[in-house]
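Only one chain is given next, in structure tokens, and it is the form predicted alone.
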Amino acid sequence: MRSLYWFRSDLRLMDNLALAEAISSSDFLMAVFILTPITWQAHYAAPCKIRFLLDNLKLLSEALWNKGIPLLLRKGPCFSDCPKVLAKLCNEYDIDAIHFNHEYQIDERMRDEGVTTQLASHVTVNTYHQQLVLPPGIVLSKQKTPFKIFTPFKHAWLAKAHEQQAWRTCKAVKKTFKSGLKPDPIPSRLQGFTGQKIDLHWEAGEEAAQKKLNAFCQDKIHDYQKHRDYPNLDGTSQLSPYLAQGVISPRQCITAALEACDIADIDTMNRAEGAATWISELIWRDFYNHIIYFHPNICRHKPYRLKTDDIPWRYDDNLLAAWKNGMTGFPIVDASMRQLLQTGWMHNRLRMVTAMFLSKILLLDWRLGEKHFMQHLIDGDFAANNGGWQWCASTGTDAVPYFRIFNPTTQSQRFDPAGDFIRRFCPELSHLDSKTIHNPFAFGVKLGELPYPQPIVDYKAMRQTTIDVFKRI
């Protein structure tokens, strides 16, 4: 059997059932990754994410070549070009079967349907569900309908994962090939994705991802519940960039978490609070992917709650620019937005604070913020990003009630009490004491005494305006 493996958001050898099946069933195996820069730009992919992608591809290619599997690189440049690119490869190398993993966004599903249609007459198309722990359609209500709320979804998810032992990883196949082909060189940069210049905090490759996972499970997971909301503490796993590109799987994460806490099965994870809280975040990842699968219009910029499209969102370029650049006059918001620009990442608590500030205090369209995050996040993942934004804007499934609006000063005082995070990213405020730094002009600083803007809106007034707007719909 001569086979082709098509890599996408599954850039790993370990715990990859699709790749394991391709290896075990083939006498000849080659792999391909298709660059689709025009589609990536249409999806607002961040330059730092594409750079991280290329770094991961380079190490993946080396690991594959150690098994005698050449990784070829082709350029679409759009999703719509993938069927003909793969058809040409299959014809050129007499391929009998192609293997790839499912993806759940509407454009990706349409791309894959086109590939199957193009190849099905002469190539066996083998597809697998490996991006999530449980694929869409597996976790349903008693009425056999998709869940709309996370908590009942989680209960059903845990029962199904336990029943199927779905969280357990698959074993790699120990087999090598002799191929006359050589892998293609992987570029370090891609034209059109060079604008965001940051020093990547994340080392590429499966080995680095596994190392970070092990370190988290050994040192931090037990205190995850207590430390995860504090941005100045290194209390989170920071594995999201690897999960977004499939360099590590959610099953590997769950397995490592349970082993670290000496838990035998996922149905007893609540015995370890830190692990249970972290695994719940991975279940949220499944949940949001199920939502976009069953509600594909979300991928077309529609809110889950369609009635919220009647909200008269504001489109003020000056307010939006102040938010994007971390110049709102609200220190925790500004420090968070500058963290995003400087590092390509933002602490999850701060993603909620800044998203709610844009949508509920500035009353700007949440989709403007969703786009900006995707354009800068190294871990940009549509389902998670969209789900988080719609939760904060009260337009999505399981959304926060519209009248719940984070007070940025209160959030700052609670989760950065000494102001250390603010000092790191807003150095012009570094000399202020731990009280004043959270809201300088409210705590005695006079205008003109700081090279820092005064608040661009009145929080209390805008909070009431937002509540009134939501009430009307």
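So that there is no doubt, residue numbering starts at 1 and follows the sequence shown. Just so you know, these numbers come straight off a predicted model, no measurement behind them.
We do not show the form predicted together with a small molecule, though everything after this point is about it.
The small molecule in the predicted complex comes within 4.5 Å of no heavy atom belonging to residue 96. In the predicted complex, at least one heavy atom of residue 238 sits within 4.5 Å of the small molecule.
Interface residue remark: residue 293 is not counted as part of the site for the small molecule in the predicted complex, having no heavy atom within 4.5 Å. Although the partner is absent here, residue 225 sits far enough away that none of its heavy atoms falls within 4.5 Å of the small molecule in the predicted complex. The contact residue chosen from 167, 153, 284, 304 relative to the small molecule in the predicted complex is 284, the criterion being a non-hydrogen atom within 4.5 angstroms. Note on the partner interface in the predicted complex: the residue among 246, 183, 388, 205 having a heavy atom within 4.5 angstroms of the small molecule is 388. The three marked residues, 7, 80 and 103, fail to reach the small molecule in the predicted complex, with no heavy atom of any inside 4.5 Å.
Look at 171-179, 117-125, 389-397, 294-302: in the predicted complex, residues with non-hydrogen atoms within 4.5 angstroms of the small molecule sit in 389-397.
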